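Heads up, what comes next is one protein chain in two forms, each shown on its own as structure tokens, labelled structure 1 and structure 2.
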Structure 1
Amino acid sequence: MIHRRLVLACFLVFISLSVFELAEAARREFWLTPPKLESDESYMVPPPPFTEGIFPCSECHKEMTPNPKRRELTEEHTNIQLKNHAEKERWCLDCHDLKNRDKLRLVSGEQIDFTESYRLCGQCHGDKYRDWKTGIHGKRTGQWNGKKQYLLCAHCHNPHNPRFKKLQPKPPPMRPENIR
């Protein structure tokens, strides 16, 4: 009888460890799999809102030896500050590719164009990515049953400081009889 209980206990421990391992593998797969397009249809997006003269990045970076070390930028890009975007955990090369500076890099290592930056944002902001695809979040124009054009996340949010700045309220409208 004791032998059967011991065998049953070992079996239950084995099953529990196997389920835990499968759940861990699924969790790892989820976090390391960036959003993919659900069909061959790509999203029509306007060009990303680059600062004048900053793209292609390889124009300046082609002669530089890549330095993957996290550091404060003191020579170039000093105006870029990560704020309100997990700045203590983030670094340029979390999103920008180390070797091909004209590409972004997903957590899986896949390189993508800046016109697909919504996939990069969607890695961490999956709910917003889902809403963006259906037109709930962001701006989408076009026909309801035809081609649509989407604005990229960067058209509304600064990727380095995505939180909107506070708006000052405007004064109420003036009545025509009060206008002089």
Structure 2
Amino acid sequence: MIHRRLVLACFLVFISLSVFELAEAARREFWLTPPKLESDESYMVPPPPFTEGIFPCSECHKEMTPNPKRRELTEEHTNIQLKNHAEKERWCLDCHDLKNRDKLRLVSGEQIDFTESYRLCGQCHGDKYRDWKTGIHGKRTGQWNGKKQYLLCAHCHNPHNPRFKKLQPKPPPMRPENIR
């Protein structure tokens, strides 16, 4: 009798572990990959919106010795100002990698390409990342039932100043009394 119970218990533990592992794998898959279509390999993504002639960063940086000290940049990149993005708590090397300038850096230390920047943003903005992956946050263009194009976070939000700028509205409709 005790034997049978032991076997049952082992079996249950085994089942729950494998279920847990599966769920964990699904979760990892969700956080690590771009949105996917069932029909074909992936969506089209336009290249990251670099300033003209700035990439690859290593072009300039390879001759410099990296300085990990937090400071205000006074010689280069003076046009980049962190605004509305926790500028007090954060500076360049929280997202940009110290050694490989052509890569971004996650909190885990993993280096990622600029084309995968959504994983970097998703570290803090998990809810937006989840919505973006399912097509609620952000804009998708192309075919509603076929090949789509999605945009990286940085296409709409300036990563150094992510809040949307105000826009000039298009002209209001004419009042009916003015339509002849």
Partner chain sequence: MSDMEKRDEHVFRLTRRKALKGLALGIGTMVLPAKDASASVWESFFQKNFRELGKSERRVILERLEKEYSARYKKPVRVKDTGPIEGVLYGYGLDLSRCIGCRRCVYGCVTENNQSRDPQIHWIKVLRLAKERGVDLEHSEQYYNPATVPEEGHFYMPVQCHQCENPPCTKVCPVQATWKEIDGIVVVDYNWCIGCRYCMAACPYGARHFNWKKPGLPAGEMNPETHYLGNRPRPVGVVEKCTFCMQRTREPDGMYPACLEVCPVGARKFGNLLDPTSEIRNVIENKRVFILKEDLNTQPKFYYFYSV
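FYI, numbering is relative to structure 1, first residue = 1. Just so it is clear, the model here is predicted, and its values are computed rather than measured. Here, rigid core means the biggest group of C-alpha atoms that superpose within 1.5 Å across both forms.
- For the form predicted alone, the corresponding chain is the one labelled structure 1.
- After superposition on the rigid core, the Cα of residue 66 moves by less than 2 Å between structures 1 and 2.
- After superposing the rigid core, the C-alpha of residue 51 moves by less than 2 Å between structures 1 and 2.
- In this overlay on the rigid core, residue 119 has a C-alpha that sits less than 2 Å away from its partner position between structures 1 and 2.
- CA movement of residue 170 between structures 1 and 2 equals 4.4 Å, with the two forms superposed on the rigid core.
- In the core-aligned comparison between structures 1 and 2, the Cα atom of residue 8 sits 30.8 Å away from its counterpart.
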